[in-house]
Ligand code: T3D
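Shown next as structure tokens: one chain only, the form predicted alone.
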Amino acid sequence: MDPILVENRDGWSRVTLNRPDRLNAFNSDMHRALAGALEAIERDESCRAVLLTGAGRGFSAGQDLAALGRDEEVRDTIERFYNPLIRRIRALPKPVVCAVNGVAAGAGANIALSCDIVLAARSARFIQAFAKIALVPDSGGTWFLPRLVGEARARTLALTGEAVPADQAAAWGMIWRAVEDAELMPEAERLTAHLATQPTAALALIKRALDASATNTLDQQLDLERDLQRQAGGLPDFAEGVQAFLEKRPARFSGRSS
């Protein structure tokens, strides 16, 4: 069974974590397959948005502990697989939607939070499970959580491993929206298909600006906005957007960077 499934749709791709018998827990084979899929998607100019989800009854339980040793292997797994994965998702020059269809625990929770827009089924739960096995949140968890939910909540979630239901995650701003279970995939697919019609190169610049804002001063961010806006103003989609506005019609964005 392939650990990752990729379905190419009209302008976008659905990527499914596919180890449902292990709650889509990560082993080295799944890491390699996901890295390969995302690398191919990044090169594919016809793909303008990505939907990431999990097969079966959960999104991902994080690391498959049965496939993991101790000490050196723990550090090696983070350096070889998890850190490159988070960096790749954040830097992907097209929007990434995550549909969390059940439990998202440990690294699985933080992989979901690394995506640009996160939708979750109402039955979904987000769990920082690391302390329960005497580990530290990884895959960006200690970076994402304080920025999404605030210092007090982030500390409590990391130290206790308490589960956060989807509705609570949405109320706290951890995710974009919680939806009824039956509506999760239709809603996620509609959103991804919409993003695939938008000005992809400009969306990539927006991602860059938002990520940089976490560490920039206001002056630095103003300068970055100026520089990125100059790039956006030179894109074909800017001319199309202005023309469509003047002609009072929907814009037909190409998504191209040149």
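When you see a residue number, it is the position in the sequence shown, counting from 1. Quantities reported herein were computed from a predicted structural model and do not represent experimental measurements.
Here the subject shifts to the form predicted together with the named molecule, a form of this protein not shown in this document.
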Inset, instruction - Could you spot which one of 194, 43, 230, 57 gets a heavy atom to within 4.5 Å of the named molecule in the predicted bound form? - result: 57
Inset, instruction - Could you check which residue among 225, 64, 29, 189 gets a heavy atom within 4.5 Å of the named molecule in the predicted bound form? - result: 64
Legend entry - Proximity of residue 22 to the named molecule in the predicted bound form, heavy atoms at 4.5 Å: yes
Inset, instruction - May I ask you to state whether residue 138 is within 4.5 Å of the named molecule in the predicted bound form, using heavy atom distances? - result: yes
Inset, instruction - Consider residue 68 of the chain shown here, and say whether it contacts the named molecule in the predicted bound form, taking contact as heavy atoms within 4.5 Å. - result: yes
Inset, instruction - Considering only heavy atoms, tell me if residue 148 and the named molecule come within 4.5 Å of each other in the predicted bound form. - result: no
Legend entry - Proximity to the named molecule in the predicted bound form (heavy atom, within 4.5 Å), stretch among 74-82, 112-120, 171-179, 150-158: 74-82
Legend entry - Interface residues of 101-115 toward the named molecule, as seen in the predicted bound form [heavy atoms, 4.5 Å]: 103, 105, 106, 107
